[in-house]
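Shown next as structure tokens: one chain only, the form predicted on its own.
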């Protein structure tokens, strides 16, 4: 496994691989890796792609500086896990490598309503920051395929929009969420929970499944949502930013359930001061989450 920390060295390596006719799969991360991240590497390797993983904690996507400062740093174990997974190259840049002109004059992207709802509503500016770093990384890595995890569902829709805006030919591959045995979606933030907290956090996936199971027999989506929130708060959650049923690609709210709809349940909730997100796609078309 090759480790590169600066842009010129990365670009030289990329040029050589393209000259050989190699195709590249790319997995951008902020480190604190878990098996969900590693599954993205595995998916890329299975497609016989030279696989690059970046580790960079991007300051522009944190609207809360305290959250940025608390983000876990586990670089040694991350590199060991990536090497074991067969990663071909790890890009470990500094902030100056990603933002050579500083943070004051970053691009602004026309993301429409995608950046104003759900995560965007509670984390203003977050998705602009996500697009800024992903756009820069894609410019540097020049992959044929970009691998993202379904757990960050809204982010996947935003990156799809970014690729459209850039008229990019990069194929976006969205991989299924990996879960702990309890059902809790794997996340770097989980390591900030206590043992008891991790058990309580499993209630999130249970609530999503309960809502899914009752959609066809229940007349009121709003009542199902309200009941789900009550269950979580009574289980000890601090608060809930949102729990909503929305159209899968537009993220527009769904007020009346129709089984043929391509929909997703999305949630963000606080437990032990840690903000957790999860989702449950209710999608009939197996190719619905394939983008190119």
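Numbering follows the first chain given and starts at 1. Since we're looking at a predicted model, the values are computed, not measured.
One more form of this protein exists, namely the form predicted in complex with a small molecule; it is left out here, but the text below deals with it.
Contact with the small molecule in the model of the complex, defined as any heavy atom within 4.5 Å, is confined among 175-183, 149-157, 112-120, 206-214 to 149-157. Annotated contacts: 30, 58 and 134 all touch the small molecule in the model of the complex [non-hydrogen atom within 4.5 angstroms]. Proximity of residue 130 to the small molecule in the model of the complex falls within the 4.5 Å heavy atom cutoff.
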